[in-house]
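Just the one chain here, the form predicted alone, laid out as structure tokens.
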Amino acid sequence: MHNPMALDGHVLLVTGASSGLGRAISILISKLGGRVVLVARSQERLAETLSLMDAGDHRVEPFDLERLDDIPRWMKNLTSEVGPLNGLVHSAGLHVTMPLRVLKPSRLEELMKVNVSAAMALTKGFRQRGVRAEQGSVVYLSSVSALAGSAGNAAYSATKGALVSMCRSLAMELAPEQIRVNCLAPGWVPTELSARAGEKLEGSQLQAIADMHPLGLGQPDDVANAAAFLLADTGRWITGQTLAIDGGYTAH
């Protein structure tokens, strides 16, 4: 039976693959037959992800994405060994809930560096000759925070909103090179990152967040399914879009 979401023969790079959504996306890609280059800072955590994946010629590649200037050259060297990439998922990111009155420029700069600047550098690296396959798909993990406001979330929202705008412009710029660029905007999904954010909230506040999702809170696999859809042939005619995977959060 033909499976339009099959990723057999595809090589895909996933950042933030050591936990959360990046881990779920990597696992699903392996189940769909794809080869994954797992990227994060911790080799140990990446090895944990690898142990959960279907067998394949995957690669653990520890790298610090704050080394922005090194990213294109690193990707060039990497693909000389693993072959051209069919897709890139930027799932790595930082989150902070911080009121404006205590937000420091250095903290905002830190968020922008990992959430936005690294995404730009990765995409620049991806489009290099020999790094990508004949056609390519880039997927950024944005957030519903880019689409709906919430108090204390301005810094994080700014970075995720930047991804949404960036993806539209890059989609236009890279379409002649057969590279598609899209965003996913997940709602509140139980992961280590959201758990750390939730530590600063009271039970009633967490319940209020859950109540904002008419279909209830999601799971990492819900986001992974959407990422795979955009990476596979099922997404071949989609670019410059932001897909909300949010249980109805932004439908209010």
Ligand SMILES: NC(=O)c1ccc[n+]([C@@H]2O[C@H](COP(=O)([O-])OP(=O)(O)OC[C@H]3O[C@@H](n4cnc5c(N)ncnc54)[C@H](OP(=O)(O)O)[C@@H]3O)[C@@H](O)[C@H]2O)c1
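Residue numbers run from 1 along the displayed sequence. Predicted model only: the values in this text are computed from it and were never measured.
Keep in mind that the form predicted in complex with the named molecule is not shown, yet the notes after this line are about it.
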| item | value |
| --- | --- |
| Stretch in contact, per heavy atom within 4.5 angstroms of the named molecule in the model of the complex, of 173-181, 80-88, 128-136, 141-149 | 141-149 |
| Exercise: Ser42 in contact with the named molecule in the model of the complex, heavy atom 4.5 Å | yes |
| Exercise: Val37 in contact with the named molecule in the model of the complex, heavy atom 4.5 Å | no |
| Non-hydrogen atom contact Ser30 with the named molecule in the model of the complex at 4.5 angstroms | no |
| Non-hydrogen atom contact Glu66 with the named molecule in the model of the complex at 4.5 angstroms | yes |
| Proximity to the named molecule in the model of the complex, single hit among Leu94, Ala154, Leu108, Met120 (heavy atom within 4.5 Å) | Leu94 |
| Within 11-33, the residues that have a heavy atom no more than 4.5 Å from the named molecule in the model of the complex | Gly16, Ala17, Ser18, Ser19, Gly20, Leu21, Gly22 |
